[in-house]
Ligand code: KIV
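First comes one chain, alone, set out as structure tokens in the form predicted on its own.
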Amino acid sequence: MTDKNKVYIFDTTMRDGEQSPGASMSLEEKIQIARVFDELGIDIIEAGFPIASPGDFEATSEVSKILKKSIPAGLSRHSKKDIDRCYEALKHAPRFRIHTFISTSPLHMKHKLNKSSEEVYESIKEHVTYARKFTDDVEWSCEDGTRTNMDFMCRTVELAIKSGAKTINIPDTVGYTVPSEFTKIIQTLMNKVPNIDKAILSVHCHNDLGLAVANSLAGISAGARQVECTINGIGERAGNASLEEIVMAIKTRNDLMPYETGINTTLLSKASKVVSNATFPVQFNKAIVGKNAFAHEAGIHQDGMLKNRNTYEIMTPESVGVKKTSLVMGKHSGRHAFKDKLNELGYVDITDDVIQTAFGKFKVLADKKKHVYDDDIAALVDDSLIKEDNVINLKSLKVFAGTGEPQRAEMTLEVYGEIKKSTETGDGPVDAIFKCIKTLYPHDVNLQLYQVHAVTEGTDAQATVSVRIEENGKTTVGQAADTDTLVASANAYINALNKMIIKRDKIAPGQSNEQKYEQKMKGI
């Protein structure tokens, strides 16, 4: 890529992003994030605000020591103590950046700094020059730039460059501007500051009006060649411009924005997860890295995706590190997507009648449940495939529980038409019940899930029990409801077991399960 088309990515997740309430990161978390960011290809990593606290100083220092490709940066106010502290934190790195700033808007100068515009102007000369003594990589920011008088901004930018700043950052500190206005600000600086060619122009946008990414892209199109952003868009108030959105917007719409970044986009999802684990969850519908970013539930969309993925996806999930598109099965899903899901689950030879029956049951279930899982769908199909009575049926159950004696269950089952009885003790009544079933129908499965849910309130509520079992990588889910939780538990386990027997026949049709059962009982 040429310098003219290169857009430098300046990440401030660990500095500005950490200022978001609830986003404070430990030293270990910052080091882990820094390693991922370095691998991701971020050009500059702002690791902290060293003067803010001993913890920030230590984190900035430790991050600066481990980076292999990215340039570490630290933030400082216009204060020699701040700049000294920045240098002390960063000096271990072979190259580093000191990022110093001061407010330039009338509102901030009057009420925050209590300084005149001329005092601010002189401060720029003093402190940029001072920072330049420690490194030739100095960045200067005019805080609240988008509410700064344009003529004054041009003067301050020209002075900062004369004093040694190699990067000039224009922050939309309070997320106030809009793309057309921000474009004009950047264009004015490009046209009116005589030495602007001696520095890289940068943008730093907040998301208070939901325009941070749009404003950042407008700034790039107008001539800025560095963008300051955060993973997942975290930051103060409504957050910062989202790194992954900016990078993928440039990559996807390279026809309109003919620029390049050095980001390995296949690691974006990984970076998002690492930051999310250290801070807070990402909203499901977040662009690029949200759980639903490559998920489709609407039947029309799913049908289009199955015919040609470009119909409803403008980028591939693989391009951002997501394994594949997800066709989420829900009440909006169509028959085409349902049939495709069955093929994915291994049901490749079932008839249209079975599919139609299962699809009808699926629609009823989807109206009741927010999430319909693969196991739910498999259970519906297995139910539709049953053309005769279950292999195993519960005939009677008595349970003895309480203190003083071992819990005991007495059970009668019908197994392949044969009535069988057993009594077993266990570590609790449910354990005793499940032992009875294993005695009466010998089998070896792993119990993965046992859950009890009350359908309604009160002590007389009907209980719904869910059981999931696994055998040789195949899972089945059984459910049963009863006002007696123990009866529901027995029936749920038996239901899952009957479904597993069906799956065994489907996998190895040469020998029936009844024949296998008879051989097992004879010890063959």
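Everything numeric here is computed off the predicted structure, so don't read it as measured data. Heads up: residue numbers just count along the shown sequence, starting at 1.
One more form of this protein, predicted in complex with 3-methyl-2-oxobutanoic acid, exists but is not displayed; see below.
Undergrad: For the chain seen here without its partner, which of 164-172, 395-403, 419-427, 276-284 has a heavy atom within 4.5 Å of 3-methyl-2-oxobutanoic acid in the predicted bound form?
TA: Every other range fails; the passing one is 164-172.
Undergrad: Please pick, from Lys341, His206, His127, Arg97, the one residue with any non-hydrogen atom lying within 4.5 angstroms of 3-methyl-2-oxobutanoic acid in the predicted bound form.
TA: When 3-methyl-2-oxobutanoic acid is considered in the predicted bound form, the option within 4.5 Å is His206.
Undergrad: Counting any non-hydrogen atom inside 4.5 Å, which residue from Ile377, Ile263, Leu75, Ala432 sits next to 3-methyl-2-oxobutanoic acid in the predicted bound form?
TA: Selected residue: Leu75.
Undergrad: Is there a heavy atom of Tyr441 lying 4.5 Å or less from a heavy atom of 3-methyl-2-oxobutanoic acid in the predicted bound form?
TA: Taking the distances in the predicted bound form, the answer for Tyr441 is no, it never comes within 4.5 Å of 3-methyl-2-oxobutanoic acid.
Undergrad: Consider Glu18 of the chain shown here, and say whether it contacts 3-methyl-2-oxobutanoic acid in the predicted bound form, taking contact as heavy atoms within 4.5 Å.
TA: Although 3-methyl-2-oxobutanoic acid is absent here, Glu18 would stay clear of it in the predicted bound form, with no heavy atoms inside 4.5 Å.
Undergrad: Residue-level question: is Thr148 within 4.5 Å of 3-methyl-2-oxobutanoic acid in the predicted bound form, judged on heavy atoms?
TA: Looking in the predicted bound form, residue contacts with 3-methyl-2-oxobutanoic acid do not include Thr148, since no heavy atom lies within 4.5 Å.
Undergrad: Is Glu143 close enough to touch 3-methyl-2-oxobutanoic acid in the predicted bound form, meaning at least one heavy atom pair within 4.5 Å?
TA: Although 3-methyl-2-oxobutanoic acid is absent here, Glu143 would touch it in the predicted bound form, with heavy atoms inside 4.5 Å.
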